[in-house]
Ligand code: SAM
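Starting off, we have a lone chain in the form predicted on its own, written out as structure tokens.
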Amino acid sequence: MAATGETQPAKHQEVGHKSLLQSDALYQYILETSVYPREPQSMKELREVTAKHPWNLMTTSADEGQFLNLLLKLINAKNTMEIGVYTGYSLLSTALALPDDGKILALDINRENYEIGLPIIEKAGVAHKIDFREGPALPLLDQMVDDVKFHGSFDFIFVDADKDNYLNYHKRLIDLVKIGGVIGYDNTLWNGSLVAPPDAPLRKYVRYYRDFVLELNKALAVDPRVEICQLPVGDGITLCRRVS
């Protein structure tokens, strides 16, 4: 995804590639050496199917999918949530990482996109772990916040959805993730636009959401309830470990 210029060609050909690495060759090296040889066949299949979709740049990159899969295993996650599913590449990565009795509450406004990946998820034998809900996430999150049984019930939550609502999500998710649990916010480096000059010729959607991402980053940096680490993986992912 190009950071600036409406007509500037994409730097990379890999679908879902949003890396901020300076070198195209170095990113390709990472993919070919560490990512693709370890990518499960089902994830490769879903990545290739998603590549044919007109909105394929919305998908999670392969290196980020690998990172999430390993992270979930490291923290022994069992009960998770995903806000923003698209065709389900990151969802499949999560489902493959969880134990057989693990659960994912998956929220998205578009079931049609999810159903593109669903046959592959079913073939991988992990569909039983997924509770997909179609519709806006905030009303359901409000219901869960109002019910004390959901407080601190999630080990991991991944957010890759409407950037203008990231702070609204955070205000609710902080109650739903357990102490010691992790919330991951995707796209927190937003195409590298966060440090672009004010007059930079950004794509319209990049410019529109940039201020929301900047606001989120500032809020997370001073939130005493979480420890954070912002990583330049994919388009940037910020991990928040709840400490209080």
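Not measured: the values here are computed from a predicted model. The first residue of the shown sequence is 1; numbering continues from there.
Unshown form predicted in complex with S-adenosylmethionine; subsequent notes refer to it.
- Between 95-103, 135-143, 148-156, 119-127, the stretch whose residues reach within 4.5 angstroms of S-adenosylmethionine in the predicted complex through a non-hydrogen atom is 135-143.
- With the partner omitted from this view, the residue of M58, L214, V206, V49 that lies near S-adenosylmethionine in the predicted complex is M58 [heavy atom within 4.5 Å].
- Although the partner is absent here, I109 is a contact residue: one of its heavy atoms lies within 4.5 angstroms of S-adenosylmethionine in the predicted complex.
- The shortest heavy atom separation between M81 and S-adenosylmethionine in the predicted complex exceeds 4.5 Å.
- Residue contact with S-adenosylmethionine in the predicted complex: A161 places a heavy atom within 4.5 Å of it.
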